[in-house]
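Quick heads-up: it's one chain on its own, the form predicted on its own, in structure tokens.
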Amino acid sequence: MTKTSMTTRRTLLKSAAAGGLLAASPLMGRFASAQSSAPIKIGFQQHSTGIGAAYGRWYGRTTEAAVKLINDGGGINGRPVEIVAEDDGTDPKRGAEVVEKFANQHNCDVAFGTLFSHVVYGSAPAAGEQKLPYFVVSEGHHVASGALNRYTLQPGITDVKSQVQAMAPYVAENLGKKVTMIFPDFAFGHDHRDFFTAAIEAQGGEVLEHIAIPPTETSFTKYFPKIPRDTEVIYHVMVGPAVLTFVKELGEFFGPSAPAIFGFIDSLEAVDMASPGLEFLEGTYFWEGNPRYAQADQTSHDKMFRAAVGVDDNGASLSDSKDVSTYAHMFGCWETLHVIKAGMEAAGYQGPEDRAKLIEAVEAMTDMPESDAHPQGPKLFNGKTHQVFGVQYISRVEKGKLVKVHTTSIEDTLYEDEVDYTTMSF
């Protein structure tokens, strides 16, 4: 779907879609009008251990907060929501086993929550085989590329292709056009490599060097001599427990003579910006899916979301200022659960026999206005590709805090359709 056709479809279906997303049947009492009082069971595929553990912890807290809000408001179709969490170890094989367990042992209505792209790739086939709707909260281009199946959707968080497409013009215009990329050597990093390279070339720039690093690496200095001398911009996106080491070693390697630096906040998710050794980041730039620090123009929706998940204005836990959240990503759990709720209500979902109706109801969604259900910002869902599009943020490190300096439009993030899942059978 082109930008033009998406915008046209957005206009034509706006009122119907917004109504489907935001309107819920009035409930005389909590769970009183449901045909069944049994809970709706959502299998939460959680990265409790492995390289995604920091994300898993905060995905869990966000999920608990969203479910509390939904249940306090009467649940879904008058039924309470119950989360069934299973640790996948951030491992593709275990991920598939967890999905099968949700379907066959826990009798879950849907599965939800996966972040790391290699785990999504490993798990999605099992979801298709079990005919279990699988709502991932990842960022890889795996869903929209057509590589998966009709049972796999990503309606609550944007993908790397759209993110980097929106970032590249700012990088080229403000930081430089000769780029060296440093990224993790798996699917998520490969998406950055492929899509940012194309995006910066479209701006008249070039990537001088691609430096792929194993995601389990613990020391990085040996990779930095590969950075060409004429590099104007270092583009970095790293994940896992060693991200603080990566950023510190990058600063030690360059000292005061570093080129411009543009990072994806993944390299510092769950890391305190005040950590010793990060002073060199002053004046550098980051993509943020959702600004960690409460901004001067903070919306009431962001304020509500922070309070609900227990995060302060600096993006840390209200109970422990050293426990920094994964704020740029975890909103995806909140928003995805609200999409599941809206889809189930639009489909009149009662049980597993209505799973196809649920998927069709989500496929019919388009506009998702900024709201308490969508606190990160407004979004546009493409039912054909099962992928949502939304605004992106660029922040600059100023006095040790991330200050938003640029917000993209949704239109900046759109790209041509690569699949039409709606044509696939169930």
Partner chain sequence: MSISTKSFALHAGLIAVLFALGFLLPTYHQGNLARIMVLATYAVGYNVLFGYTGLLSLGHAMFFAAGMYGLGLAMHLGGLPPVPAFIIGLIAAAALSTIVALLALRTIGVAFMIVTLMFSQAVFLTILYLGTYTGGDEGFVIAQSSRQILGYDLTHPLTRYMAALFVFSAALLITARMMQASFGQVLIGVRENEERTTMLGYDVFRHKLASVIISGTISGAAGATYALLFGYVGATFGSVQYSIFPLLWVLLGGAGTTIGPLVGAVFMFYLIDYSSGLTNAYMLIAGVVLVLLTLFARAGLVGEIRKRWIAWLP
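Treat the numbers as computed from the prediction; the structure is a model and nothing was measured. Numbering follows the first chain given and starts at 1.
What follows is about the form predicted together with its partner chain, which we do not show.
Inset, instruction - Give a yes or no on whether each residue among Q295, T407 and D417 has a heavy atom within 4.5 Å of its partner chain in the model of the complex. - result: No, the candidate spot makes no contact with its partner chain.
Inset, instruction - Check each of A96, L175, A199, V84 and return the one that places a heavy atom within 4.5 angstroms of its partner chain in the model of the complex. - result: It is A96 that has a heavy atom within 4.5 Å of the partner.
Inset, instruction - Using heavy atoms only and a 4.5 Å cut-off, determine which of M273, A187, A308, A347 is in contact with its partner chain in the model of the complex. - result: Looking at M273, A187, A308, A347 one by one, just A187 meets the 4.5 Å heavy-atom criterion.
Legend entry - Contact flag, Q105 vs its partner chain in the model of the complex, heavy atom cut 4.5 Å: Residue-level check for Q105: yes, a contact with its partner chain.
Inset, instruction - Considering only heavy atoms, tell me if E100 and its partner chain come within 4.5 Å of each other in the model of the complex. - result: It does: once its partner chain is placed as it appears in the model of the complex, E100 has a heavy atom within 4.5 Å of it.
Inset, instruction - May I ask you to check whether Q165 falls inside a 4.5 Å heavy atom distance of its partner chain in the model of the complex? - result: Although its partner chain is absent here, Q165 would stay clear of it in the model of the complex, with no heavy atoms inside 4.5 Å.
Inset, instruction - Answer for H118 alone: is it within 4.5 Å of its partner chain in the model of the complex, judged on heavy atom distances? - result: Yes, H118 sits close enough to its partner chain in the model of the complex that at least one of its heavy atoms falls within 4.5 Å.
Inset, instruction - Could you tell me which of 42-50, 397-405, 366-374, 62-70 sits within 4.5 Å of its partner chain in the model of the complex, going by non-hydrogen atoms? - result: Going by heavy atoms within 4.5 Å, the stretch is 42-50.
Inset, instruction - For the stretch 249-266, return the residues whose heavy atoms include at least one within 4.5 Å of its partner chain in the model of the complex, in the order they occur. - result: Nothing in the stretch sits within 4.5 Å of the partner.
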